[in-house]
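Presented below, as structure tokens, is a lone chain in the form predicted alone.
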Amino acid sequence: MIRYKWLFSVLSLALFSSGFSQNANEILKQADEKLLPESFESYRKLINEEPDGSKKEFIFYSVKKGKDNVAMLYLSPASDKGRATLRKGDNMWLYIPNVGRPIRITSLQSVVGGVFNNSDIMRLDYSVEYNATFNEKTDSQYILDLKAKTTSVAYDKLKMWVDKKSLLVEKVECYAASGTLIKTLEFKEIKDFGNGLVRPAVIETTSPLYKGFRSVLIYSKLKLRKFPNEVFTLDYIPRLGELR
């Protein structure tokens, strides 16, 4: 009898843990939907600040379709105008005019320098790359632990703070497999972009590995838009400007 009670307790705990994890993943999916609608376009400004106070700014035109298609066209500075990047799942490419063909790049590289890497700038839905469990619940926040589904993603683990009422992401800490904190992303300045699109307009990142450096990503003109699959192909990269 004791054995059956023990078995029942173990099964109950397993089912409870499974449901707990499932609820955490559902919250992550809803937070994704707030940050990255299914199909949209936007303009973004990236500001890289260095310890001496100097800054470098980039402006991008970005488009996304589904959960794993992102493309981005560089509008400024003049030295980078016409460049473009494409992400399809774990695969990324950089197109440079007159080079002849797109170049493969990785998620941990940064084609713009600063604290943001390619994965940060061409972000997929978090739920595509991570499984979530609850770390803690407060009166106002869900705190989630995210574990990478594969070794190909930029960060092995994330810790995410989500507002309970709005389900908007407020902060994300990014960790290496060793447990080392790589960077912190803070989501700020909630803005209504229209058509039900309410999300942070600013993402700021700092890193203990790059003391004194700071990068800021600012969204503007974000709106829903549908795109044909052709847009997210290597052949189309040189023509991204035609979408504007």
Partner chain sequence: MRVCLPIVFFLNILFSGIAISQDYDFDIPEEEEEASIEFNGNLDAKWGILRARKESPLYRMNFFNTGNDDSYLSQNRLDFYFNGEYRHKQVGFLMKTFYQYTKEGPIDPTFFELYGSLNLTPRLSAGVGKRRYFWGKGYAFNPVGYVNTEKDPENPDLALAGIVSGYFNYNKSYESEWLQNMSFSGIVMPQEAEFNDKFSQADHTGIALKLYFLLRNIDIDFMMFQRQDEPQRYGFDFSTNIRTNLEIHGEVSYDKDDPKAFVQNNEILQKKISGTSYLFGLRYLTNLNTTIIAEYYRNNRGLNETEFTDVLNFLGNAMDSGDPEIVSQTRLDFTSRFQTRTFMRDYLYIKVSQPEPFSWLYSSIGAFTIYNLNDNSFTLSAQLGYKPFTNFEFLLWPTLFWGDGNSEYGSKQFETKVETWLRFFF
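Residue numbers count along the first chain shown, from 1. As the structure is a prediction and not an experimental result, all values here were calculated from the model.
FYI, the form predicted in complex with its partner chain isn't displayed, but the following is about it.
**Q** Have a look at Thr180, Gln30, Asn195, Ser54 for me and say which one sits with a heavy atom within 4.5 Å of its partner chain in the model of the complex.
**A** The residue from Thr180, Gln30, Asn195, Ser54 that makes the contact is Ser54.
**Q** Report whether the minimum heavy atom distance between Val216 and its partner chain in the model of the complex is within 4.5 Å.
**A** Contact with its partner chain, yes.
**Q** Quick one: does Lys88 come within 4.5 Å of its partner chain in the model of the complex, counting heavy atoms only?
**A** Close contact exists here: in the model of the complex, Lys88 approaches its partner chain to within 4.5 Å, heavy atoms only.
**Q** Residue-level question: is Arg199 within 4.5 Å of its partner chain in the model of the complex, judged on heavy atoms?
**A** Result no; Arg199 lies far from its partner chain in the model of the complex.
**Q** Can Leu36 be called a contact residue for its partner chain in the model of the complex at 4.5 Å between heavy atoms?
**A** No.
**Q** Would its partner chain in the model of the complex be within 4.5 angstroms of a non-hydrogen atom of every residue among Lys45, Val99 and Arg239?
**A** Affirmative, all three are within 4.5 Å.
**Q** Only one of 141 to 149, 158 to 166, 76 to 84, 120 to 128 has heavy atoms within 4.5 Å of its partner chain in the model of the complex; I'd like to know which.
**A** Single hit among the candidates: 76 to 84.
**Q** Heavy atom within 4.5 Å of its partner chain in the model of the complex: which residues of 175 to 190 qualify?
**A** Sequence-ordered list: Lys188, Glu189.
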